[in-house]
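Next up: a single chain in structure tokens, the form predicted on its own.
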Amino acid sequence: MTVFIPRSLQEATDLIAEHPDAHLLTGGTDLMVEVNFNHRRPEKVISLGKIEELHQVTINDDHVIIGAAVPYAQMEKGELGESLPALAEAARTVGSPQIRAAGSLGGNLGTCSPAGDSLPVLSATNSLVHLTSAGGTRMVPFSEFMIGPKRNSRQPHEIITAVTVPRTCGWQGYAKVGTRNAMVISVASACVVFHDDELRIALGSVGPTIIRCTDTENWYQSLASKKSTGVSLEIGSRASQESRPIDDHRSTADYRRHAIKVLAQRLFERGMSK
């Protein structure tokens, strides 16, 4: 295995242009599991962890820009955690402290698993993914970035360099259900965001991609009284109906639908109580 360790973004884009088949590595928390189990044997790896630009965070009044290599541990608290509460909640559920010290948004986006903890948050906040190549930079809405299970719209010559997360005017939260209480891959997850009078709901682990509950959001928007009795129950039920889960080794489709119903209802009620 040949490992390249660029020290600048320019050097990294030049390397990937020369070696488009190379595997891009940030924290390695996904790749090394597959390597250890002989599921993958990349011949070339470009390690991005030493590139300073990918560790930068910019917090503005209306949005936050997070470098692709910023670790989850940095998102859990401090100014970044206060600016994006749902992302902080998601970050705190990722693996162990060691995993959170290495894992990053860039890695979660690169792997693009429907179980990725940060991805429902990026969906519900209408985030933008920054992609950089030797030819320039483009920004892709998250809704257009994840195109299938472990598939995204990144081109072979591009690097995920950052994510722009818009700040919202209202409560936001994230929750997930797993087979145990900690260090677990989610069997169902949800992010609920209130932005002014708008409600946004995104679901993880219950479809081939992150599911944005647009029908539920539109139904809520049409209500004359958004605090009527039974609204939270209907939100949970409608979100569950929009999920598309399967039976697998971690859970059943029926349990996942039930979990989404409970998660969406509880998150909605928490938001309405603030």
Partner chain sequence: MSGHQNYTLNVNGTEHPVKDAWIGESLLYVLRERLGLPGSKGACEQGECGSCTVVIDGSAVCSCLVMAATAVDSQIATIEGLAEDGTLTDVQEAFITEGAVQCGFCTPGLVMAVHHLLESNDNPDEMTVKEALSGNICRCTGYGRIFAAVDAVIAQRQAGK
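Computed from a predicted structure; not experimentally measured. Numbering follows the first chain given and starts at 1.
Another form, the form predicted in complex with the partner chain, is not on view; read the next lines as being about it.
Although the partner is absent from the chain shown here, none of A124, P141 and R212 has a heavy atom within 4.5 Å of the partner chain in the predicted complex.
Looking at V35, you'd find a heavy atom of it within 4.5 angstroms of the partner chain in the predicted complex.
Though the partner is left out of this view, D62 does not reach within 4.5 Å of the partner chain in the predicted complex, counting heavy atoms only.
Taking the partner from elsewhere, C112 is found to have every heavy atom lying beyond 4.5 Å of the partner chain in the predicted complex. For S96, a non-hydrogen atom is located within 4.5 Å of the partner chain in the predicted complex, even though that partner is not displayed.
Comparing 26-34, 204-212, 54-62, 234-242 against the partner chain in the predicted complex, the single stretch with non-hydrogen atoms within 4.5 angstroms of it is 26-34. Contact annotation for 158-187: residues with any non-hydrogen atom within 4.5 angstroms of the partner chain in the predicted complex are R180, A182, M183, listed in sequence order.
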